[in-house]
Each structure stands twice: as structure tokens, then as C-alpha cells.
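Only one chain is included here, represented as C-alpha cells and corresponding to the form predicted alone.
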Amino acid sequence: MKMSVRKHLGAAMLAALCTTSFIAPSFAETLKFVSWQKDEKGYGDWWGEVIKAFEAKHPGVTVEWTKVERNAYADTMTTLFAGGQPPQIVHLASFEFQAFAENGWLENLDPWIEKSGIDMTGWAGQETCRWNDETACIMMLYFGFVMGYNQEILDAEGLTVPTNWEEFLDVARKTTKDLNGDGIIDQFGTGHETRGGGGQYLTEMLNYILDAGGSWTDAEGNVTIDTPEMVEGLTRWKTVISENLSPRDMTAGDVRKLFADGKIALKLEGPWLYPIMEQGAAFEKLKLTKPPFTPPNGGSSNVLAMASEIPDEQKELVWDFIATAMSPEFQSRYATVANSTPPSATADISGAEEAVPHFDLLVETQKAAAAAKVDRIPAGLEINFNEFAKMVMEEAQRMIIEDLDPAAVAATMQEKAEAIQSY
């Protein structure tokens, strides 16, 4: 089924985009690369190195790297593709590429992989990139969550690092405080993004849902929201947000900075948290450990792909860019620069712990998430994920604002999810 273009963006937005740096290149020597990670510490640095190495291999070829905010990303990319102005190098979240592939906008990479002779055996999360019996993309990250904690905040309350939900909730409640007596909470027990796209909102919720034994769908793609396990997961999420144990109406970047600056006690996050911690005012007080939840949150993160409707000479260049990112050199650099587990099973990560002291922890949580087959993309809802995520976010927000029974909310979500799935 083809995904319709989001009409609310309108021709005006498309026209505006097409008068900016998104205009299709006049020459094949300029390749457009749009990403939300451009200024992220770690990942942005790694992409910068890949671009520099690629441009050095191809004198006269320039990669024009543009940032689009994550909460506007899917809509922006959809508009660019639908308007015939796609970036040649395609960077997408692993939960949104399916709609682009279904529309025929992504090149089948099977012939390119075969021609290059790259061994994809054991490439973490790569099975997710198969769509309609073709390889639509290359997985760039499969991860497991870790938990950051502020040792000073815990010590001040005589608390230890939590190892299960009950302990986590107790610590979060005891460390959420108005420190200066002005009636406003300025230190939070934990932190979640609640302002942004539905995909990130669902990822935040998934921490609690997985530990409660719930899932959006089963392995066959049947919706499984109206279950006792999901009700428990929704109850936990409602508790954390409604009790103001997390700041509200903040982006992921805002919340991560609060933790890095010492304003949050516990932070559940992917491996990208550490380079953000390093930049924070409270870095010396912060530590990482495995999450208190089983299994840990995690799954596939982001992918690289190629626009299908571009000239052949540009395709050759784009594939070499992708191959550069997949090379042994840059897969090894992924560990030390991006501070993350590389998807390549053969990447040399020896010595990674010297640059990333907690690297063994990243490997441990990645393996735990993979063993439990954790992913943020519900089976059977891949094409409709954006609509599904928006629905869940709206219903979860209504549950909190109107103080609704999580059991009733689960039933409503079940009905609406089944309707979305039948589109």
C-alpha cells in the first residue's frame, strides 16, 4: 500500500524547501545529505569523519550536509521525495524507512552489495532493512539502553542504584524536589521527552512496557495492547509523568542536558548519552549502569539508503559513501567516536574501552536487547508507524491530562490500532 503525502504540509512548505539548500544539485559532484544528527556529540563527529574521508577519495565532490530537527524529520523528508527533490544520500530512522521503500523511493541495494563483495554476515539489525524481498537500506545502529545516574543526588538521600521497577519508582519519587522553596520542581527523579514526534514518545514509554511484559503487537503482527501487561506498562508511564517525576514538555535534547547538568537523578537512554554527559556541568558526578528493567529497551535506530530516482553517476558516488561508512576503519571508529556498538560483526573494537570506559556495558545491553528481539518498530505496523505512534501519543497524553483508567485507554488504543492496521 502506498503512503499518501501529508496534505497538511501543503505546497507552500514544499516551495519554501525547494528555495533553500534542499534544491536538487545542478552538478553530480554535489550530494545532498540530510540528517538530524549533524550537531550531536559523538554521532555528528563520526558522520563528519566519514564525509571528510569520502570527499578526500573524490576530489571535486562535495557532500552538502543539512540538519532537520527530529520531530519534523519524517514530514520534511516525505515532502522532499514527493516533490522530486530527495537528498541523494538518505538517512532515516529505522521505523520510518518502510514507507519510503513502499513508495519506490529507495534503491534496491542488493546488486550494490553483491558487486562490492561486502560481507553482511552478522550485521546487527540488518534483517529490519529487508522490505518487499529487497535490501532497502543499511542498518547503522542496533543498541541497548543504559541508565545514567547522579551519584551525588542519590547519596544526598541515602539511596542506592535501583535494580527493579519498585526501586526505580522509589528513587525517582525521593529525588524529585523543589530545592529552593519557590514551589517549582527543579530536580527530577528521571527524565523523558514528552515534546516531539510520536516515535520518540513511544520509545520513552517502551522502557516501562517491556519490563511489564507488554508489547504493541506480537511476532505475527497482531495488535496486543488490550492486555494486563500493557495496562501495567501504561500505569507505570502514567505514574511517572502525572507525578511530575520527569519534566514535561521538553525535547530529548533538553532532557539530556538537564541530566548532564545535574538536574535529573536517573536517565534511561541509548549509548549516545555518554558524549552528552561529557559536555555537562555534572559530568564528574554521573555514572552509567545497566537499566533496572528486563529486557532493556533498545533495537534498531537509524539507516542509510540511496534515493532511487537519481542519475546513475550519482548512485555510484552514493554507494561509495555508504561503503565508506561500512568500512572496517569507520566501523571501528564508530565505537570510539560515536561511543556506540558498531553494527559490523567483524569490526575491531579492541581498545574501545580506553576511549569509552563503559563499552562492555554497551555490548552487554545490546546483546540482552537482541536476545529478547526488542525493537521499537511493531511488527505489522511498519508502514503505518507514524500514524500509530501519533495515535498512541495522543491517547497517552489524554490518559494523563484527563486522569483516565489505563485499562480503558488500552482498550481504546487496541481498537484504534486495529483500524490503522486495516488501512
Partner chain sequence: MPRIPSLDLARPSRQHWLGYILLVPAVLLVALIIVYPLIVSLDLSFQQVKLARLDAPRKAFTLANYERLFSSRDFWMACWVTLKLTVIVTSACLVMGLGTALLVNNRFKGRNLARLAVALPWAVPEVIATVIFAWIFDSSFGLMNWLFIRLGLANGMINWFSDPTAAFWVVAITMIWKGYPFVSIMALAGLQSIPSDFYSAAKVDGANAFQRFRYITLPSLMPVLGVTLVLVVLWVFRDFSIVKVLTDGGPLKATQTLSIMTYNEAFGFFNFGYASAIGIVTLIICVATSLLMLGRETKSMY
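These numbers come from a predicted model, not from an experiment. Positions refer to the first chain, counted from 1. We call the rigid core whatever largest set of C-alpha positions still superposes within 1.5 Å between the two forms.
Beyond the structure shown, there is the form predicted in complex with its partner chain, which is absent from this document and is the topic of what follows.
Of the residues 293, 123, 81, 330, just one reaches its partner chain in the predicted complex with a heavy atom at 4.5 Å or closer; this is 81. This chain appears without its partner; in the predicted complex, the one residue of 174, 315, 195, 285 with a heavy atom within 4.5 Å of its partner chain is 195. The shortest heavy atom separation between residue 247 and its partner chain in the predicted complex is within 4.5 Å. Taking the partner from the other structure, its partner chain in the predicted complex has no heavy atom within 4.5 Å of any heavy atom of residue 64. When its partner chain is considered in the predicted complex, residue 403 lies well away from it, no heavy atom lying within 4.5 Å.
Within this chain, residue 100 lines the site of its partner chain in the predicted complex, having a heavy atom no more than 4.5 Å away. Here the chain stands by itself, but in the predicted complex one stretch of 394-402, 373-381, 351-359, 47-55, 394-402, has heavy atoms within 4.5 Å of its partner chain. Remark: with the core as the superposition reference, the CA shift of residue 158 between the shown form and the other one stays below 2 Å. Here residue 68 counts as shifted, since its C-alpha moves by at least 2 Å between the shown form and the other one after the core is aligned.
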